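Quick setup: one chain, the form predicted on its own, written in structure tokens, and binding and motion questions come after.
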């Protein structure tokens, strides 16, 4: 009988918990853009071994909010004003296209799911849970991509969300608030249920532009601070 070797099974539950804790630390600013992760200190504080911590860090590298530099370590991604301009300008174009494709596909299931996701955002907002609010907001905005029936568009959106979650978190820090207003998505949801596709597309662009200059100013401040270190 041929020898059969199984690869070790990762402790996915523990890794998921570590990923969640690291993501929360990044999105709430405990770990700042450009900051190096101290594996020893983090493993001691979490009371976990280095192996699952490294697995979790690799997952966040793949997700795009950490970056690994050979012989230097793992860092939270740097954020520049140019990065934000690039991502938000792309988001506008993608949203407009996704709404156009999703529009004729809408049905009662779409409207029900839209309401469900909107309520999840509002619950996270009321709880002042920054990380959960960002996650649920991205899920809400992702619905039009899921309904657009275009796999390349959906994959592009999913790659973009890893960056957007970081920028959304910075947006809240720029406002000095843990979460945005509870009613921030009311018009967006109402227009997606309505009959005027152009109005929905126009509002989607305006929604992305909300307090955009404030965010850019905050990002430029981070750049200046990093250049002095």
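Rigid core: the largest C-alpha set superposing within 1.5 Å between the two forms. Residue numbers count along the first chain shown, from 1. Bear in mind that the values here come from a model prediction, so they are computed numbers and not experimental data.
We do not show the form predicted in complex with the DNA, though everything after this point is about it.
For the options 36, 173, 193, 202, the residue carrying a heavy atom within 4.5 angstroms of the DNA in the model of the complex is 36. Shown alone, this chain has one stretch from 22-30, 184-192, 36-44, 59-67 that lies within 4.5 Å of the DNA in the model of the complex by heavy atoms: 36-44. The shortest heavy atom separation between residue 14 and the DNA in the model of the complex is within 4.5 Å.
The DNA in the model of the complex is not approached by residue 197, whose heavy atoms all lie more than 4.5 angstroms from it. The closest heavy atom approach of residue 160 to the DNA in the model of the complex falls outside 4.5 Å. Using a 4.5 angstroms limit between non-hydrogen atoms, residue 48 touches the DNA in the model of the complex.
For residue 44, a C-alpha deviation of 2 angstroms or more is recorded between this form and the one not shown after rigid-core alignment.
Taking the rigid core as fixed, one finds a CA shift for residue 202 smaller than 2 Å between this form and the one not shown.
Once both forms are fitted on their rigid core, the CA atom of residue 57 lies 2 Å or more apart between this form and the one not shown. Compared with the form shown here, the Cα atoms of residue 18 and residue 124 sit 3 Å or more farther apart in the model of the complex.
Relative to the displayed conformation, the Cα-Cα distance from residue 151 to residue 19 shrinks by 3 Å or more in the model of the complex.
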